[in-house]
Ligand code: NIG
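There is one chain below, alone, in structure tokens, taken in the form predicted on its own.
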Amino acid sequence: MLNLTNIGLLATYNSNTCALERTHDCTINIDDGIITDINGADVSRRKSIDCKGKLITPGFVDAHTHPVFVDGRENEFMKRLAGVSYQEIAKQGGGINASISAVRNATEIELYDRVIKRMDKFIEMGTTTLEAKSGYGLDTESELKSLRVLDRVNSAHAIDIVSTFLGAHAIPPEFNGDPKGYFTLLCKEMIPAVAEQGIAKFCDVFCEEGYFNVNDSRIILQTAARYNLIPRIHADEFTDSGAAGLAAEIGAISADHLMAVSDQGIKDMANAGVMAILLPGTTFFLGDHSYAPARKLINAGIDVALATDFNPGSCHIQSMPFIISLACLYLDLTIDEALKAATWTGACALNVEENVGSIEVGKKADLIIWDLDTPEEIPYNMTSVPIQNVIKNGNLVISLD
């Protein structure tokens, strides 16, 4: 049992009122990892944390990450500084394919050690639930290995991991000149094997020029759906490929990136109830200036989530507070919109909103105690993460007191 007292400000989405609400001077009671009361008085608690009049928010839900890789790709970062584009680097043999051989050759223990250290950093920065993709193995054995690693880390680490199969991340080198051969492998062998393994909840596709076109993406995701893998899609990141419309057509839970989404794509998503996961860290990290049209999406009635897109090549950022800063600066989100997008909507995009994403009675006690007074100070602090404590499932996992 745990009692949080002297909370100066509680800022969280309320699923009953459908609004982000701020409550001053309250307490939170926690039993067996679940929030049992807010603003109640219970002095019988065995353990109490004095929040010292500071801000409390939900733990962050990062709904788009790629953490299963061996080494970073710093050399590509330097190439981009010299003016070489992401697409040109990929054509030169870099990009996604540059990470494949290391993942294929790594043991599960080697990958596990790297991934669990990355989870340590995520939770230090307030992320308590995240989606994690495979996608750097790109053969059946290595994709299943990557998902096993995520499952093992999920069991061993405090953070909650929701796994996504991303075999359709790129065409691996051995299928150069034979993309249909890899397409067949995905649909006939990999997706059935992933479904039988039973770890992945979602199937994702990188629908983009030079990767998987709309027609192939449609068949891959329809095949995945037949195996009870929920479709999601990397959509319209560099060009308007029609991927947002495809997301609407097949009923994907989310379309992610959307920097080049068309007005028609936005309309289609809104009509179909597809969520948008925006990744401003990727635009920032690539040195680009074309951020996703968040205001258009919101004005169309689309639910918008924020995520890091942490990966070894195009966005080596793990800090959701920094993503909130970028969203306020470049996506024109208010702090309340950004905080909701980084918690509640992210949980909705993973189908876990019944348990996490907001501070409400009956939900998991996933909380951040900040060394701040108001949510507005989160984006203002930009590159620092002034967190005092992180509570996950009612347990104090990070304490900087």
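Just count from 1 along the sequence shown to find any residue number. Just so you know, these numbers come straight off a predicted model, no measurement behind them.
As for the form predicted together with the named molecule, it is not shown, yet the points below apply to it.
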{"property": "Heavy atom within 4.5 Å of the named molecule in the predicted complex - the one residue of 206, 182, 112, 202 that qualifies", "result": "206"}
{"property": "Among the candidates 218, 152, 118, 73, the residue which, in the predicted complex, approaches the named molecule to within 4.5 Å (heavy atoms)", "result": "73"}
{"property": "Partner contact for residue 234 in the predicted complex: the named molecule, 4.5 angstroms, heavy atom", "result": "yes"}
{"property": "The named molecule contact at residue 66 in the predicted complex, heavy atom, 4.5 Å", "result": "yes"}
{"property": "Exercise: residue 165 in contact with the named molecule in the predicted complex, heavy atom 4.5 Å", "result": "no"}
{"property": "Close approach of residue 322 to the named molecule in the predicted complex, 4.5 Å, heavy atom", "result": "no"}
{"property": "Location of the named molecule contact in the predicted complex, chosen stretch of 141 to 149, 224 to 232, 307 to 315, 154 to 162 [non-hydrogen atom, 4.5 Å]", "result": "307 to 315"}
{"property": "Sequence-ordered list of residues in 132 to 170 near the named molecule in the predicted complex, where near means a heavy atom within 4.5 Å", "result": "136, 169"}
